[in-house]
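To begin, one chain is listed below as structure tokens, in the form predicted alone.
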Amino acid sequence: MSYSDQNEFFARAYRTGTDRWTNTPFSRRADELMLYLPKGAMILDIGAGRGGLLFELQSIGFHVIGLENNSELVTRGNEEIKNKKIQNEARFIAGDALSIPLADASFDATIDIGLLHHLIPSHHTEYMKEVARVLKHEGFFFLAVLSAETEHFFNHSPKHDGTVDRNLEGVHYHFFSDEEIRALVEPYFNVRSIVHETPFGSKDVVYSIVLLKKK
């Protein structure tokens, strides 16, 4: 599968302000990393988007890099960083989550809110290897993905009809069972917790919120 249509969908959404996922409350859960990391810790936000989480984490004392494949968002984000005069604590970089352009063992924590479930299953292991590679030993990985417990997603039901892969408007969606998550991460991470949340207020769409620790 080519990701070109998917990338264009997201680029158009950001240009037109229809990126409704940007304001989901997952950042509140990501703040729980404060409980595990010292101030000044290095965090990588994979698929950083507009950078809401990046700026929030920077404001509470972390150093944060936002990885984003949309060059417009990278430019805009770095302009905002310059205006805020926080270049020593935060920056955006352009790059591919399947080939992260950063050194091994660079980060105390990584965050992915809503990126992994847009990758096709054949790329899941490749992605997990990359995340593990850039994390330090015993670093943390905070992950939010669509759950197979979702009751309704447009005209199908992952929970009831077992359809866990769906393409819509050029975008791929994969719905993870807890068992699939555990099997995927097992070579690289210990699972600290998996909980289910409904960030859009409806019980129809369920996310798995996962906290992992690198082995």
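Keep in mind that this is a model prediction, so the values were computed, not measured. Residue indices: 1-based, along the sequence shown.
A second form of this protein, the form predicted in complex with a small molecule, is not displayed here; the remarks below concern that form.
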Does the small molecule get within 4.5 angstroms of any non-hydrogen atom of residue 70 in the predicted complex? yes
Applying a 4.5 Å heavy atom distance criterion, does residue 95 contact the small molecule in the predicted complex? yes
Going by a heavy atom distance of 4.5 Å, is residue 81 a contact of the small molecule in the predicted complex? no
Using a 4.5 Å heavy atom cut-off, state whether residue 114 contacts the small molecule in the predicted complex. yes
Looking at heavy atoms inside 4.5 Å, which stretch does the small molecule contact in the predicted complex, given the options 46-54, 174-182, 33-41, 157-165? 46-54
Can we say 10, 21 and 118 each have a non-hydrogen atom within 4.5 Å of the small molecule in the predicted complex? yes
